[in-house]
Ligand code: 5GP
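Just one chain is shown here, as structure tokens, and it is the form predicted on its own.
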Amino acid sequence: MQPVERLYTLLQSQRNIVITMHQKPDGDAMGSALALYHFLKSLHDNVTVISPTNWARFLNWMPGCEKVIDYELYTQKSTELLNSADIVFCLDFNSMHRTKKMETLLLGIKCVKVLIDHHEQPAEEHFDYGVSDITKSSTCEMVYDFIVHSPFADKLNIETATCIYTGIMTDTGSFRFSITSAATHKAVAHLKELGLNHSIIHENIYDNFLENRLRFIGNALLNRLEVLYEYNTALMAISKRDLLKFEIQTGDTEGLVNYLLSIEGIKLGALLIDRTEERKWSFRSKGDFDVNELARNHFEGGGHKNAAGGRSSESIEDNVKRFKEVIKQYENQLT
């Protein structure tokens, strides 16, 4: 994988460019994709963003989101665009399986593939150019770096800035996570100098839900929370029945796992959700406890040291039982 900086010369000529991200994109995935979209559109006409799946409705306000193509809804159109692409940018994921049904297509197409990502253990063999930096707060911060270090830094406009800030804000937990660096704040300061209105972005992301989501969260905290004080761990398992009862849509469970770490003394928070096709885990931790290692070794997942995810085809009951057995191995680290 060659350094991403060597890609700048390729961008100076007309290309068919596709930008994609991981399935069920969050604020950082959608933000980085749309930020890069606005930047590249200032250089080329043929730029398209394709999401492997649908996304949360609270992201629909983002500039350019209405142009994003859902692969699952428009498979034929997406396939044609990917097959004709000269360059495919892969953002906020570092292994093709994170794109769900797009994986085989992405692995098979013959074009330049570019990685920009901040997760651990990238599959570099799948990419021609790229940058992987786990010290960065977000992929949006990395897209910011890619733009400002390019010969086209003057193309950074308010639409691009808005998308970049969205991903930085969401992936840093509104700047409270330890991954937030001085460079992160300097980037945001630059975006503010461009005229960024950060309070509107915060409202659009965090104050834009339906009543049923708040009632769902209340039910989850009251009836689904289990605190394992002997392991400084909090666990929450959400059944399919709960999702149907409160009419939960994509994105409505975003941030739920963070409530678990708000309990005094808790070092590990684990959220399990019973999706239709599989059970999905979200892990969060404080301090030195590595949930990336936990997810990779036991739950078919991975991510960051303090934030990771996993999956399982087992039942929700079997997953909970296995989790309680697994954390016994980490008793010394957690206590």
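Numbers follow the displayed sequence, beginning with 1. Note that the structure is predicted; figures quoted are calculated from it, not measured.
One more form of this protein exists, namely the form predicted in complex with ligand 5GP; it is left out here, but the text below deals with it.
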Q.
Please determine whether Lys324 contacts ligand 5GP in the model of the complex, using a 4.5 Å cut-off between heavy atoms.
A. no
(Q) Quick check on His97: any heavy atom within 4.5 Å of ligand 5GP in the model of the complex? (A) yes
Q: Answer for Asp70 alone: is it within 4.5 Å of ligand 5GP in the model of the complex, judged on heavy atom distances?
A: no
Q: Look up in the model of the complex whether His119 has a non-hydrogen atom within 4.5 angstroms of ligand 5GP, and give yes or no.
A: yes
Q | Candidate from Ile273, Ala56, Leu40, Ala307 lying within 4.5 Å of ligand 5GP in the model of the complex - any heavy atom | A | Ala307
(Q) Only one of 45-53, 262-270, 297-305, 62-70 has heavy atoms within 4.5 Å of ligand 5GP in the model of the complex; I'd like to know which. (A) 297-305
